[in-house]
Structure formats: structure tokens, C-alpha cells
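A lone chain, given as C-alpha cells: the form predicted alone.
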């Protein structure tokens, strides 16, 4: 192996690629600050318990090592969102706070969203508002970010994990069964769901089957209200999507609703969203609501609200 060869999944930018990235970074930071999002630069390394929080998926993606100085287990950040939760919790305030960042992260393995193990994650997070208007604000900022990067033909996909969670709450599943069912929905495997339902006694077996196929335009939301009639939590989640649908109905944005969508990180609690383009084979940006993440730092007992999005700027900057 040559001395200059990089590890698998690790890449770099040089020459025109580096210039394209830096130009994009500056434009994005100007946009975010113009919209009132303050820049933060979290550290590359933190104590593992601050980085992982409630996500087993994030645990698997985090490089860990023992600190020779303090003797505690450290991790290299694989996702910026938990760090923003710590930064917000440290402020100990109940006001609306807005953060933006553009940081290199490192993951143990690439996935369907990040094409390398060393992406540069750009994003924005909004704390302190439960109103659906906050989700709309960050979705619009995400769309503006892609427009600034000259990415067109965008399709916005929106779901709400609150629907899945509302029927899970009514079941008596083991942790292993819950993890398996989440993975089945993440892989969108109807055959695997049929096997799971045939081997597991569930109160809402028919609801899980119908949820798996709830995808499409605005009519999907009215169909969902019929299916989940009487489940107040599911109805609230669907009504949040209806409010978003009404907002974007005349904005010239192509929107589809995917009610079975579950993000890979388990900390999401409500509206989730992704953007796609016919010119790319994978999601370009994604995000969602993750209320209560700051409780892990012992600061908030009132379920501090938060929503945000992120994308790999190193990847997207090369397509301008």
C-alpha cells in the first residue's frame, strides 16, 4: 500500500474542488445568518455519553477511544445534532434559539445518505418552538440551501414518525421486537412485515400493514385520517402534515407524503422530511423534529422542542 493512499471511505478536496466547496460554504453561512441562525463550531471529540444519547444507530457509527489524559471513553462526532442539543441545554433558556453549522464528521461506515465515511455536514437547528411553523421554517431553509447550490427538480418527501410511535405505544413488544419492526419499516419490506406479523401477536397488525403503503399526494393524508380515526396521537400527527400540505400547496414545490418513513437515528419524534432530485440517486438533505433530546443533559424537564435538517456539503458542492 502506498504511503499517500487514503483509507476506504475517506476522501479529500483539492484544487477546484476545494474552491467550489469553500464558495458554497460562504454562501450558505451568509444565508443562515441572514435568516437568524447563529454559527456554532462543536468540537470534533466529546465524551461518548454526550454524543450517543438515545440512538443505537448512532452508537454503531461512532469511533470511540480511551482518553489517555482523563481515562474516560471519548468519541469522534458522527452527527452534529446531539452536540447542538448539548449546546442548547447549556444555555438553560426557554426562548427560541437558532443554530447553524458546517463541520466535518467521521463515521465508522457509509450509508444510504452519506456516500463516504468523512462527509462535511451542513445544517440548521431551531429550538424552543412546538409550532408546526418551526418545521415549515427549517424545511424552507433546507430548500433554499439546495437552490443556492444550484440543485433543481427537487421533490420534497414528508412523513411523521408520531404515527408509527402512536401505534407502537399500544403494543407490548420486547426491545428486540421493536428494533426489528423499525428495521422492517426502514427497509420498506412488506414481505418481512408479513412474516413479523404472522409470528407476533399485535393489536394493530392491520394498522401496521396499511401504514407501510401510505405514500402519495395530499389524498394520502385524508386516507390516513380514516385509517387512524380514534387514535388521537396519530390524528394530531396527520393534522400537522395537513397544515404543512396547505402551506406548500401554492409554493411550486412537488411534495409527496411517506407516512411510513422512519429515519435511521431513533431520536426523531415527529415530522420528518427529505429532499430528492431526478439528477441524484439518493436523498440530498434530510431532517425532522426531535423534541426532548436536551433532557439527556439534565437541563429540560419540559420536553424542549427542536427541529432541523442537514446534508453533506462536501458531496453537493461538487455539482454546482
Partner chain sequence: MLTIALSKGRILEQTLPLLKRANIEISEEELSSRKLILNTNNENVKIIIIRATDVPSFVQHGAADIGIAGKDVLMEHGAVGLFELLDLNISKCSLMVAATSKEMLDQQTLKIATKYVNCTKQYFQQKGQQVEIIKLYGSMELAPKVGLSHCIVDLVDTGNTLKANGLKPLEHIIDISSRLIVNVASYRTKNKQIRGYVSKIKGKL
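It should be emphasised that the depicted structure is a prediction, and the values quoted were computed from it without experimental measurement. Numbering follows the first chain given and starts at 1.
Unshown form predicted together with the partner chain; subsequent notes refer to it.
Asker: Can you pick out, from 190, 225, 73, 133, the residue that has a heavy atom within 4.5 Å of the partner chain in the predicted complex?
Answerer: It is 190.
Asker: With the partner chain left out of view, which of 291, 277, 50, 57 would have a heavy atom within 4.5 Å of it in the predicted complex?
Answerer: Going through each option in turn, the one that passes is 277.
Asker: In terms of non-hydrogen atoms within 4.5 angstroms, which of the given stretches 239-247, 141-149, 79-87, 191-199 touches the partner chain in the predicted complex?
Answerer: Residues of 191-199 come within 4.5 Å of the partner.
Asker: Each of 18, 117 and 315 having a non-hydrogen atom within 4.5 Å of the partner chain in the predicted complex: is that the case here?
Answerer: Result no, not one residue of the spot touches the partner chain.
Asker: Check residue 231 for me: does it contact the partner chain in the predicted complex (non-hydrogen atoms, 4.5 angstroms)?
Answerer: Output for residue 231 is no: heavy atoms all beyond 4.5 Å of the partner chain.
Asker: Find out whether any non-hydrogen atom of residue 258 is located within 4.5 angstroms of the partner chain in the predicted complex, and reply yes or no.
Answerer: Contact with the partner chain, yes.
Asker: When the contact criterion is heavy atoms within 4.5 Å, does residue 215 count as touching the partner chain in the predicted complex?
Answerer: Because a heavy atom of residue 215 falls inside 4.5 Å of the partner chain in the predicted complex, the answer is yes.
Asker: Although the partner isn't part of this model, could you tell me whether residue 155 comes within 4.5 Å of the partner chain in the predicted complex, counting any heavy atom of the residue?
Answerer: Contact with the partner chain, yes.
Asker: Since the Cα separation of residue 8 and residue 113 moves by 3 Å or more in the predicted complex, tell me which way: closer or farther than here.
Answerer: Distance between the C-alphas of residue 8 and residue 113: shorter in the predicted complex, by 3 Å or more.
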